[in-house]
Structure formats: C-alpha cells, structure tokens
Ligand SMILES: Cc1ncc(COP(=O)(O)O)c(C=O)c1O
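The chain that follows stands alone, in the form predicted on its own, written as structure tokens.
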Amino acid sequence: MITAIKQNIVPFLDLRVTDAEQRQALLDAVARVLDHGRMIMGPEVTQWENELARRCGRQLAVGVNSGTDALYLAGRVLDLRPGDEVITTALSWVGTANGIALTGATLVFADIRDDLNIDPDSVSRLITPRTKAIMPVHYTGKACDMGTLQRITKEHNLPIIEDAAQAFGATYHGRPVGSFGRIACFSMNAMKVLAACGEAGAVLVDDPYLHQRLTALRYNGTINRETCLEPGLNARLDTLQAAILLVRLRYFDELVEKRRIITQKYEEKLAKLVKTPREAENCRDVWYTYTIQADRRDELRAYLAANGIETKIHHPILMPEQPAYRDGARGEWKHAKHLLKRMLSIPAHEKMTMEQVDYVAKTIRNFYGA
C-alpha cells in the first residue's frame, strides 16, 4: 500500500487564483467596477452577454445570477405551467429539476447511456401529448447526442432547453453546446470550467421576443426598472461577476487544454483497469469532471482517500429518487441506477501537476494490482 504523505494530498478541485498574471487581471477588473460604481447591471454585463452569445453562436444572451435561475426563466418564457411535462435526464444535480419544477410543470426522467448523457431512445418512449419540452444535460462537459435529439424534437414539434451548465466550450460536430436548443442555459459558478468568483449564469436565445421577456423577468418582471409586466425574480448578474468572467474567458482555452492533457494521461494509464470516459467522434469535451466507471467503486474511493486523493460521486442521488421528487416520479432510470454504483470522479483540474496526475493513476493501478 502507498503511504499517504502530506505533500501528496491531491484535492478534487483547487479554486485558488495562483497565477500571478490572472490574479492581477482579476484585481484590475474589480478595480474598474469599483471606480465606475455600477454594481448592478453595469457595462461589463452587456459586454459579457455579447461575448458569450458570440462564442456560442447565438444572437442574444441574458446574464443571470445562477444556472438554476437560467433554467427557471427558460421555463417561464416557454410558458410552462401545471399539467405540462418536460423530459430530462435522471442524472444531474437537482438544480436541473428544480428550475423547471418551480414553473409548475412536471418532470419526466429519461434514462442515460454509458456516456452518462441522456438516452434519446428513452426520450422517445416517454413523449406524450402533454410533453412541452425536452431538456438534455451536457453531463461532465460532454455534449449529448444532439443530432438524434433534434430529429426527435422536430418530429414531435417540441423545443429543446439545453442545460449546458457543465459544458461551456464543448462542441458537437463542430457546433458549440448552447447553439442547438430554442433556449440554452449555462452556469458559471466557481466550480465550473469557466468560473466566476461566486454565482453566475446565462440564458441564450435567438428570438428577440424571448430575449425581451427574459430581460424583464430577471429584473422582477419589470421594464424601465419600474413597470411590472409579470411576476419575476431578482435574477440579475452582478457587474463584478461579469467583469471577472470576461477576464476568465481570456484564459479559458489554455485551461481546457491543460485538462485535456491530464485526461489523455489518465486514458493511457487507466483504460485497461477501469472504464474511462471517451470523446465521441467529431466532438470535443471540456472535462468539467473526469468520471470513471469502476468495479469495487466504494473500496477504490476509500483507498484513494487513505492515500490523500479526494474524489467525488456526481451525483449520489438520482433526481427522481430525491425526497422532493420520488413520490410519483415518472420515467425510466434503470441503467442510470446501475451506473451510479460504478461512477467515480477523480481529480483532473488544471492546477494539478503531472506528478500529481501520475500519483493518482499509480494509486488506482496499485489498487487493482496492476
């Protein structure tokens, strides 16, 4: 057994800003906001929205204060209400379900494929006359099978709401995630690959009418900050977070490339011992998490922890089995339940050294006697 020593502890994530150049750029951005004083809906918010829309191949973007708010507002502008059904994956953070459930609509949970993304065949089986939208989640930073999902939704005349919270920068057949649905929703909180220093999110559309409603709904349903057209939330994006995201975007491609190098190293060293995640043909993942599937998962996790390596299970409770949803939950999630017992996310963030990557791989290999 490898003996854990303090300097070999490998955190699952490291949210510190350790790069001197980026740290100074962030401080300068904050200073500019402090100088002009427009803490709410300042010029950086509009600049960020324009840049985000451009990067995602969309016409319009609305900055909001979280990915959950983004999903809720998407449901509102699609006029979801009690009696409507939205089909989504069984495997995601519960915020995916919450954002839609708060509109009054009913979630129907589809099963997943081995890549942990929603299974289009399961979606097809679950469509009923009450289905009003399909909401795939680009899980772990990997694009869903959008070609098949688009064919299904076109056949049934249903809109797609993309939950792209984990996948900014990922592509499917050359197109960025966030460019496929009638509405796309992002989270940019501190744990995401493109990360604010706190909470942040966005909703992307091409329809000016939807954009107008989203802009009002994020500001308590008001226009001109005074006249309330419909009840809404305070879902505005802080100027400070927009300014931070503009800086983070400069370093984003380099950050993703570092993650890709790490995941390639894991693939080389672990593919014969565990099921490693693979990029689909003509796709590019951003590796929000590197999630393996392993025999004796719980024993492996305990062994890694004993040797100073932090891991996560994303997410240990399927959404239809959450206490808030399990009574009367509908759909299919047999395969998701099976895979959940095997899934383990290991450290793969850009601040890792190659020595740490080798240490993680070596520890897993030792566990399996390789």
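Everything quoted here is computed from the prediction, not taken from an experiment. For every residue, the number given is its place in the sequence shown, counted from 1.
Another form, the form predicted in complex with the ligand, is not on view; read the next lines as being about it.
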| item | value |
| --- | --- |
| Proximity of residue 165 to the ligand in the model of the complex, heavy atoms at 4.5 Å | yes |
| Partner contact for residue 92 in the model of the complex: the ligand, 4.5 angstroms, heavy atom | yes |
| Residue 307: touches the ligand in the model of the complex, heavy atom cutoff 4.5 angstroms | no |
| is_contact(residue 189, the ligand) in the model of the complex, heavy atom dist at most 4.5 Å | yes |
| Contacting member of 123, 184, 73, 200, with respect to the ligand in the model of the complex [4.5 Å, heavy atom] | 200 |
| Contact residue in the model of the complex, from 244, 137, 235, 80 (heavy atom within 4.5 Å of the ligand) | 137 |
| Stretch in contact, per heavy atom within 4.5 angstroms of the ligand in the model of the complex, of 340 to 348, 22 to 30, 60 to 68, 326 to 334 | 60 to 68 |
